[in-house]
Structure formats: C-alpha cells, structure tokens
Ligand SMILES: CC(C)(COP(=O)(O)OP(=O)(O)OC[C@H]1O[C@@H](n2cnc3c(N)ncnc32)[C@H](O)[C@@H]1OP(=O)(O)O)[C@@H](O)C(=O)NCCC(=O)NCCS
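Quick heads-up: it's one chain on its own, the form predicted alone, in structure tokens.
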Amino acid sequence: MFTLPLRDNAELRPLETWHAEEFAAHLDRAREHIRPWVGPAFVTGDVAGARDTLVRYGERRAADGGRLYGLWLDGTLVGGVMFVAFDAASGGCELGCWLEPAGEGHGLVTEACARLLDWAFGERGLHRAEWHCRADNARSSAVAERLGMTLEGTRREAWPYGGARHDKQLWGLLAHEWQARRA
C-alpha cells in the first residue's frame, strides 16, 4: 500500500476492500450530497454494498482498468478520486471524484486528480484523459477547468436522475497539454 501526502493533514491512498466499514460510514455522511452527481451503483446503503463497490474496483484494478483512491483529511475518509475507466491499449482514461461536505473547499480533488494525471500520462503513457459531469455540477466543471481540460461538448439529456434527464458535459485533456502545464 502507499500513501501520498497532499498536504499536512490530507492523504491520497488506495481504497481497498478492507476499508469497507470506513467507506460505508463515509457514504452515510456523503450519500445525499453526492447522489445527484454519481452513478447509482456507487451510492450504496450498507457495509455489504460498500464492500461490493470496493471489490468491483479491485477487480478492475487487477485487470489494469478502473482504480479507486480515498481522500483522508485529518485521518477521516472524506471522499475520493478514481479512474472510472482506464484503457492502456487505447491510451485513454476517465477520471471521477466525490466528496462529503467536510472535504469540500480544501483543493483535495484537484490535487489528487493531478497526481492521477501525472501517473496516467507519465508512467503509463496514456494519450487522453476525460472528465464527465452533469452540466449543472459547477464544482465538478471547475475541477476540470483547474486541471486544464477543454470542454469538448455537451450530451443533451444524457444523465437520468430523479425522474428527469440532465445534460452531461465531456471534458478532455491530451498528454502534451498536461505536460506543457506541468513544465
């Protein structure tokens, strides 16, 4: 296991099956806050569901696919970042995130996603990263902008939630753009 310090009181770590109880407790604090913005399979209601989510991402990681990382602030799991999709063969990935209210406003997601992009582009040689979010999720769009992503389009009414359909934005970033920003 590894821990990457993001600042004095914050860490990025793999979120693994043995974290199921801690993840479930975190989801209890975050559930209603994140429900409109993340997929329904992610927002589980108990320890068994939390474990299933962690196992699913563990299997994706083992297949060199998606990966899940937690964000700990002052020793408490407050959210995370992930490779929703990761395809080394095609050279592309999709990043995602979630936070409970206590984790907001600390810059954790932007900093953690920058670490993921450094790894994806630098270590793994990927060519393209994407960010998908509901068009009305200003906080998520702001992360994509801070990472230097370009809004490439909006898929109209592509995100069903709460009996309505919402527009979905697609943001993209190419490896050479990221490397120029980091230089």
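What you are looking at is a predicted structure, and each value in this text was computed from that prediction instead of being measured. All residue numbers refer to positions in the sequence shown, first residue = 1.
Just so you know, the form predicted in complex with the named molecule exists too; it's not on screen, but the next bit is about it.
Colleague: Taking the partner as it appears in the predicted bound form, which of 49-57, 30-38, 119-127, 62-70 has residues with heavy atoms within 4.5 Å of the named molecule?
Modeller: This holds for exactly one stretch, 30-38.
Colleague: Does residue 109 reach the named molecule in the predicted bound form, with heavy atoms at most 4.5 Å apart?
Modeller: Output for residue 109 is yes: heavy atoms within 4.5 Å of the named molecule.
Colleague: Answer for residue 7 alone: is it within 4.5 Å of the named molecule in the predicted bound form, judged on heavy atom distances?
Modeller: Yes, residue 7 sits close enough to the named molecule in the predicted bound form that at least one of its heavy atoms falls within 4.5 Å.
Colleague: Do residue 139 and the named molecule share at least one heavy atom pair within 4.5 Å in the predicted bound form?
Modeller: Looking in the predicted bound form, residue contacts with the named molecule include residue 139, since a heavy atom lies within 4.5 Å.
Colleague: Can you check whether residue 105 is within 4.5 Å of the named molecule in the predicted bound form, heavy atom basis?
Modeller: Residue 105 belongs to the contact set for the named molecule.
Colleague: Out of 142-157, which residues reach within 4.5 Å of the named molecule in the predicted bound form, heavy atoms considered?
Modeller: 143, 146, in sequence order.
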